[in-house]
Ligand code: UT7
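One chain comes next, on its own, written as structure tokens: the form predicted alone.
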Amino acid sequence: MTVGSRIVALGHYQPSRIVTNNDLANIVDTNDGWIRDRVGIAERRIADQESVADMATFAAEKALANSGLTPADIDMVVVATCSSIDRCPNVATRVAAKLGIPAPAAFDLNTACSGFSYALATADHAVGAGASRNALVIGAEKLSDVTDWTDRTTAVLFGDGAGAAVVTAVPDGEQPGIGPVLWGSAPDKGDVLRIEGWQPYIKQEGQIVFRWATTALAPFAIEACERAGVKPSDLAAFIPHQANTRIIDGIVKRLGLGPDVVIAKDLVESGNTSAASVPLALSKLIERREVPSGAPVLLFGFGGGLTYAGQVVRCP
């Protein structure tokens, strides 16, 4: 019998080292006012010794502790990342080994900044098909490894961190807590945001990405709400990918969200953390109890590929 799934707990992790805009002004030709005006970022966290797998594990450990489940209960680990330096073993198996999860299905998924919503949908589909019962879904990035710190157009944007969710099957008779995914891509624009080669740096055509994000994405976010049977006006919170405050404000305006809807803007203190940004922001909102349990929240990621994905979830 097909069943639905829900998020029962979240957790997040960020490195301790804070790099402010003024710190960056000592490295590249920029300043605090320019960065705040253009993208809205004030500071970001940068990892030193922590790997993508380390940060993913720390976030997953917190989510697992918050869920009340044990490592033995987990039968699937999905990690969304585009910045893991190691190709094999994948991040998911390393997380499983560190947490003592005995024999899960374990794989990584790369759709860059939309990765968490893709991974969440994949886990939801696995639960619905009976292939999983309890899954760990993680977004983790160490973008500092692929950032050119001499490039003023990209060095100011990115940070490191991880967010994780525990997804479980809903009990019989209970409504699913994860709505249908709306996902897709604009592959003809795939080369405008890229991490290519053996020693890669992030490169992007910022204006093209900005125009695409501010003009093309709002209808997809609205359709994600429609698939869940929820109106944008019914939302308690909107958790978009944390790329740029002007992009977020533009999407919010086109969605017609009311003043009571919580809009995540974790990028102010975290920067753009790609696949980690949505779960990181959601975990913080829940930790601060800014969104009530059971309330509908729209998650919406977008970025490299160019890819996008979103779904309405019920807050744990």
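Since the model is a prediction, treat every value here as computed from it, not as a measurement. Start at 1 with the first residue shown and count on from there.
Keep in mind the form predicted together with ligand UT7 is missing from the figure; the text below concerns it.
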Listed residue (A164, I74, V167, C113) with a non-hydrogen atom within 4.5 angstroms of ligand UT7 in the predicted bound form = C113
query = Which one, W183, F210, F238, Y201, lies within 4.5 Å of ligand UT7 in the predicted bound form by heavy atoms?
reply = F210
task = Heavy atoms, 4.5 Å, ligand UT7 in the predicted bound form: which of 258 to 266, 51 to 59, 281 to 289, 30 to 38 makes the cut? Say which one.
result = 30 to 38
task = Assess the spot marked by R152, A243 and R246: is ligand UT7 within 4.5 Å of a heavy atom from every one of these residues in the predicted bound form?
result = yes
query = Counting only non-hydrogen atoms and a 4.5 angstroms cut-off, does V156 reach ligand UT7 in the predicted bound form?
reply = yes
query = Does L193 reach ligand UT7 in the predicted bound form, with heavy atoms at most 4.5 Å apart?
reply = yes
query = Is there any non-hydrogen atom of G303 lying within 4.5 Å of ligand UT7 in the predicted bound form?
reply = yes
message = Please determine whether G229 contacts ligand UT7 in the predicted bound form, using a 4.5 Å cut-off between heavy atoms.
response = no
